[in-house]
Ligand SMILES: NC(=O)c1ccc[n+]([C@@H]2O[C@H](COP(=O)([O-])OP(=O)(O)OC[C@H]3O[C@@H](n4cnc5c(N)ncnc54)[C@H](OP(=O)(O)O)[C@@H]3O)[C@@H](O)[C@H]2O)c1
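Consider the single chain below, provided in structure tokens and representing the form predicted on its own.
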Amino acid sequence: MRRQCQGDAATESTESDVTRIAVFGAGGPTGRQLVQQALAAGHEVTAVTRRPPGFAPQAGLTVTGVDATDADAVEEVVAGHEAVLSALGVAPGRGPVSLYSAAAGNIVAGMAAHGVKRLIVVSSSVLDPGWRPSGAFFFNNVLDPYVNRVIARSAHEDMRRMEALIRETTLDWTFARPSGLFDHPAATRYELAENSADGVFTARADLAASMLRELTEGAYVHRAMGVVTTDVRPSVPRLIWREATRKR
């Protein structure tokens, strides 16, 4: 089942339903979108990042410098929150990747220790074996086999380990699976579907909006939620270059 959503509609909130959220990977491009949209919606946010000086003081925001691979630090920061959102990511490359699964292990252990149940984690549409965007011949036959199945293979393998680990827990988890991520200044229209959505690109602003919508609605608890942007598209050459050179 596919759902069409308007990006900014999901971020409405009132003081009576303010949620205390810990956002891991808050210093990254998706994490920053999550933090800003959550604050705009009236949530109380702890931005968990290795680069805390990058955030300006704001009402409702706490910034803490924590490495997600440090189990003790993760457990400490999770305490007192009602939900955890993770936008952790690594730069593309062929080297071994363990951040996703290592951080997930620490996060779920910290949540279990403090009775926190709600977890929404960024994963990837690539993890759905049936994901083949329609009308995307060049992507399906050139970009996807090389970029996703070769260059980013290690990252996706670790995402699979992350998902498998989280599925074994008793948490109320959701995997947010975007397609090719790109930057856009504001949330637009996007489509949601179970496992993966039919599209090549996902704006980070829309990914963040979909995660906050899911936090409120709970439509994909214990399921994967595919997210694709429908209203805007990036320049493919510029996107490839930016993502290849981006510092995480």
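Small disclaimer: the values here were computed from a predicted structure and weren't measured. One rule holds for the numbers: they count along the sequence shown, beginning at 1.
There is also a form predicted together with this ligand; it is not shown, and the following applies to it.
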Next on the checklist: With the distance limit set at 4.5 angstroms and only heavy atoms considered, check whether Ala87, Leu99 and Met159 all reach this ligand in the predicted bound form.
Outcome noted: yes
Next on the checklist: How about Ala68 - does it come within 4.5 Å of this ligand in the predicted bound form, if we only consider non-hydrogen atoms?
Outcome noted: yes
Item to check | 4.5 angstroms heavy atom contact with this ligand in the predicted bound form for Gly28 | outcome: yes
Next on the checklist: Would you classify Arg213 as touching this ligand in the predicted bound form, given a 4.5 Å non-hydrogen atom cut-off?
Outcome noted: no
Item to check | is_contact(Thr174, this ligand) in the predicted bound form, heavy atom dist at most 4.5 Å | outcome: no
Checklist entry - Which one of these stretches, 123 to 131, 76 to 84, 106 to 114, 136 to 144, sits within 4.5 Å of this ligand in the predicted bound form when only heavy atoms are counted? => result 123 to 131
Checklist entry - Which of the residues spanning 155 to 182 lie within 4.5 Å of this ligand in the predicted bound form, based on heavy atoms? => result Met159, Pro178, Ser179, Gly180, Leu181
